Every structure is written in C-alpha cells, then in structure tokens.
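Read the single chain below, which is given as structure tokens and is the form predicted alone.
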C-alpha cells in the first residue's frame, strides 16, 4: 500500500486546476445504461471509484473505455442485470445502477451496499420509490431483487433529501409511463448535472436543483456526449489548504456558486477570497479566527467539507463548535488530529475545537476519503514530518492530489509503505 509523506511548513503559492466532479460523474456514467449505443463523458477524474464503476458497467455487458479525462460507454449489449457484492462493497455509488437497470431491462439484482466507515446509509427510500412506481421489490441473501415490466409515474415523497435516492429515482422515472413527482428532493449541483445529462438524452425533467422535481416519462433515450461539472469539494479542499498554510493560490476551473456556504465560512475566518480572471484567489492570514459550523443538506455547509474545516480550526484563534447532522460517525479524523496536538473534544454529534499555536507532524492512518483530506491539510501546516498510511482512501476522490499540492510548493510525496 502507498503512504503520503508530508514535510510541513511550506506556504502554498501558484495555480491549481479543479478536476471533474466524482459525485457527478458516477451517476452520469450509470445513466448511460438508459440509452442504448455509445455515450462519451468528458471531464471525468482519474479516480479509483471511476474505475470501479467502469468494472461494474463491464460486468453488466457494457464496453467501457477509460482514457485521460474521458470515458466511452457502449451499453448496446447490456444483458446482465446483476451488480455483485464484490463490486458494490468497494463503492456505495454502485447502487446507482439499480434504477437504470430496472427502467431499461425490467429487472435488477443488486447487492445491498450496507454501511461504510462514516455511518450507515440505507437505500430504503430508493426501494420505497420503486414500489410506488409499481415495481416488485424483494430482499434475499443480501441482494435487492426488483422487477417491473414497465415502471409507472408516481408521486414520491422522500423523508430525507437523499442525493443518491433522488438521482436513482429520477433515472427510473425517465422511462416510466406517465409523470413522476419527487418531493423533498436533494438540491445538490450533482443532481442538477445528472438532470442536464438526462435531458440531453431526451428526458423531460423540470425542477432539478429545487426540492420538487417533475419527470415526464418518454419511450426511449439516446446516447450523449457530455462534460461533467467541476468538483466543488476538491475546490473547497484546496481553499482550506491555502488558508491553513497562509498561502496565496488561484483556484481555476471551478463554479463558485456551487460552494457558497464553504466560501462564506472560510471568509469568516478572515481569509480573503476574490474573483480573479475566471478563477478564485485565496489568501491566507497570519491568525485565522475560529468559526462555528453545522453540516446541512445543500445549499447548507456540506458534510464532505467538515473534516477539512476542522483541520483549519485546530490552529485558529479561539474556540469553534462543529456540528455534524448528516452522518453519525464522521469524526474519525479527530483521534488522528489529536495525535498532532489538536485540542478537540467530541460530545455526541458535536466537536468542540480550541485552536492551538501549532500542530506537530506524526504518523497517521486514514479512515475514509474526507478524513484523509483533512489529515493531509493538517500535515501541510504542521511542524515536522507527517506520514499518512492507507493512501488508497484519498485516491477515491482526489485526482493526483500530491502532484497538485507539489506544484503549489508543498513538500509532499507518495511512497510505498
């Protein structure tokens, strides 16, 4: 396994280009199942999760060709409706093939994804929606088995605004008979990007990006060429990296409107963020101020940025209160940050962080994707050497992060453990 080695203390300077969004690319790749023929998806990041989705589509019968920044998917001969445990267990987003398979083939046999490191994320709302659309749902031996000759439009209320649930049911509804209305839908930019891709295929969708989405079913969809939106979480992560190192970096190829809540909180610390030639300039300050934050569904502060902001708060002036409302087990980075000298106390779903003058480099272990990002950020600012093991976690969601940070002046490298 690889590990990331960081010699802290370097001030980040320069420009960084933001890659395509993993969380937009995965559902769009799954949606190609709906349109027989070859679709080409651009601005796709080079990540382990993308390769896993490619393997899953191959298993279903698709021909997948992954190149730098581009994925060609020929789904003409998809004949196998089963997504096996061996693939689903490595990536929860595999469940996104469930509804496209049912909509196109009339059946799907998909392994239950179960929990993950940051908490249980059940798919009960996906299944409830499918049943409302006339599907027969059974759970046997750890697999969800769904059958429906043809789905029919329905009114579906989601108890919580689940992103993958909204995306799955939106894909199902595109080929259903009649009109489907999804209420309390997730509003994330990734949901809107999927809707734009589906509309380019010929789907009739209104309201994506709002909490009520209306889909009028059509008889068939056609393949597309489509470019994925930039990754708002990667953009936020680099902003925090610039802030914690008191650096000055330009974030290129991002959509600022997708992460307003993140920028607002970073600015609240005293860090300067300004627009500059189609990008954003982030200038750190000598003593960032502590801020409170609470994770919320979009457009609130994203849970995927909580760990990175906590890393910044460990060296901020004052006390911050960080409340996690999305996932019940998303403070696993706390123990590792404390090994670096951070002063953090966890009470239930709240972390109380008292800023310290500096962090010290230490051997650390990654537990999940965003925790990995927070520990790398902390290592950039720490005195001495930080070694982060289990680097495969970071590779699930950040394209060549050590190369991008090196180009900004960070002393960071990848080594074999």
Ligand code: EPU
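These figures come from a predicted structure and were not determined experimentally. Residue numbers count along the first chain shown, from 1.
Omitted from view is the form predicted together with this ligand, to which the following refers.
The contact with this ligand in the predicted complex, taken as any heavy atom within 4.5 Å, belongs to 369 out of 376, 369, 30, 56.
The contact residue chosen from 162, 111, 214, 269 relative to this ligand in the predicted complex is 162, the criterion being a non-hydrogen atom within 4.5 angstroms. Interface residue remark: residue 333 is not counted as part of the site for this ligand in the predicted complex, having no heavy atom within 4.5 Å. Although the partner is absent here, residue 19 lies well away from this ligand in the predicted complex, with no heavy atom inside 4.5 Å. Using a 4.5 angstroms limit between non-hydrogen atoms, residue 303 touches this ligand in the predicted complex. At a distance threshold of 4.5 angstroms between non-hydrogen atoms, residue 126 is in contact with this ligand in the predicted complex. Contact here is defined as any heavy atom lying within 4.5 Å of this ligand in the predicted complex, and by that definition each of 93, 122 and 188 is a contact residue. Per the 4.5 Å heavy atom criterion, this ligand in the predicted complex is contacted by stretch 303 to 311, the sole one of 202 to 210, 174 to 182, 303 to 311, 284 to 292.
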